[in-house]
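Single chain ahead, by itself, as structure tokens, in the form predicted on its own.
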Amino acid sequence: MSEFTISRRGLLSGSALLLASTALPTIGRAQTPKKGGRLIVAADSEPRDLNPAIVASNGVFFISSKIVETLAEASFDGKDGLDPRLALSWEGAADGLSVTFKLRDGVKWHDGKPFTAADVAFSALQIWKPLQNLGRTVFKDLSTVDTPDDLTAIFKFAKPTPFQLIRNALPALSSVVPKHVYENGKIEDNPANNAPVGTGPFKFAEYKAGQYYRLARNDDYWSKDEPYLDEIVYQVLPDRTSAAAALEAEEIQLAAFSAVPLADLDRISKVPGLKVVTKGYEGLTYQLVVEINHRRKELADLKVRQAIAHAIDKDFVVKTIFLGYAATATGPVPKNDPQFYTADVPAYPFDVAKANELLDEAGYKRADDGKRFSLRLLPAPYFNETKQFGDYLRQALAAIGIDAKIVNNDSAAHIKAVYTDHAFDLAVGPPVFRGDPAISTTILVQSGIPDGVPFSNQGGYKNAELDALIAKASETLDTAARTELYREFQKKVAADLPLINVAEWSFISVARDTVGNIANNPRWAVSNWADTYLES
């Protein structure tokens, strides 16, 4: 196994595999894919667990989606927004009690063993349902997976389960891992979680802590002409300000997930040889929300929550914090969702006078120092924008007499404080909308979620009517009726404000012009990159 040596000036020198430094074609021109080359990508974090079947998160997918494949991937043009991967077709029964997957033939695991329906059954029953952060909800009623032959997997459910939900969940929740690697011992402790074995276009090759991950071409990939690249190297650059400099110095070729700060985009878009790409994240919409601890007496009062909503200038947030690379939010489903979104919800326009009036009506008068009460405010540390919004929110609350004390934590401490210890009054969170409210959105407001589940309702909010609506939608098979229930869900959330949706945003990629086939599906950054190539 070759070792990849990190050297800021030597990254791209002395090999036919490396990036060409000549002037390159523009993004608009169709190119013939070239084979070979090493793609060097900025990585701003180092996931501890690289098993996407357990941890369905974008930080894990960014690396592991090239190694471990799902049953289907999101698509701009495919039927129902999907393209086949390990499954060639999927069909739901009319009664909602089964889904039949026909699997791809001739697929091999990276260790040479054949991929079969037994691997799908094992992944679904032993990992997605009991262990996966999101699969626990989506696959909660999965009872068995029948495998009448090696290329058929029939999912059987104890209760009617909407096919629309299962279909929408496939790109993010259906990562398949090899049964023969995981069937002995505790799944969570398996070494393959850190060095995955998959069926994807690239094999896990090497990891150097604090330096890089290296993936190598799978020469036995089922799509015989792919992948085009020989290697993908994720260079760890935890300081986001360094990504732009590394691109300009031709030390990396790609910075995804807005690794280049928004403030640098206008300048860097004018640098010869670089391109700014805004597509490829349509299926990965992040939402800026204010999470609320309803155990706090003041925040259990709807008028107080309405006042906070009126105190937030969403247009200012989008223009100033996101520099226009975002949209104002109306509720828990983003505007860019074609299936479920409705604008017909209660609105809270920016109105400081109205906010003060509501707080007065709620009985929280200003004291002699102008303050009504104090709160603990915990901004999520994951993005510059969530931290900046925390500072803005503190000022916005001060304008209506609420004294917010900011508590900054690292990622682990923030998750523990908010989702396990409930040691917060307000928190700034960035949940992800994943194409269906039942996947990762209803959990934000539904009651009865166990302590310790990240990005879930840990604020003590309970609304029996809303819980009943969520439960009904989870068992409604008719697509039109189910969609209408989720539109009613949006109205109820916007009316009762268990949380406050402020903005929604996707990400931006910056790449050298040598990188081809960028952003050609709605989850491109977390897809398999089998057809990505480098011009030589």
Partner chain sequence: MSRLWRFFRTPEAIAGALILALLVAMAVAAPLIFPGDPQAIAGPALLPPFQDWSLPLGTDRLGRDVTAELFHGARTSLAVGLAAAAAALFIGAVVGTLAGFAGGLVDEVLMRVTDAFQTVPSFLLALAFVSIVGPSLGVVVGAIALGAWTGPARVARAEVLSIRERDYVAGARVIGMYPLEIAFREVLPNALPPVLALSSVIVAAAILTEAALSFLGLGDPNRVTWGGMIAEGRAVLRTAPFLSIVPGIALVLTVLGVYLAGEGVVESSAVRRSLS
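Positions refer to the first chain, counted from 1. As the structure is a computational prediction, the values presented were derived from the model and not from experiment.
As for the form predicted together with its partner chain, it is not shown, yet the points below apply to it.
- In the predicted bound form, none of the heavy atoms of K224 sits within 4.5 Å of a heavy atom of its partner chain.
- Within this chain, I321 lines the site of its partner chain in the predicted bound form, having a heavy atom no more than 4.5 Å away.
- The shortest heavy atom separation between F383 and its partner chain in the predicted bound form exceeds 4.5 Å.
- Its partner chain is not drawn, but in the predicted bound form it has no heavy atom within 4.5 Å of K365.
- D239 is the sole member of D239, D149, E465, D219 with a non-hydrogen atom lying within 4.5 angstroms of its partner chain in the predicted bound form.
- Interface residue among R267, K79, K297, K186 relative to its partner chain in the predicted bound form, by the heavy atom within 4.5 Å criterion: R267.
- Looking at 155 to 163, 388 to 396, 100 to 108, 426 to 434, the stretch with residues near its partner chain in the predicted bound form, meaning non-hydrogen atoms within 4.5 angstroms, turns out to be 388 to 396.
- No residues of 138 to 163 lie near its partner chain in the predicted bound form, the criterion being any heavy atom within 4.5 Å.
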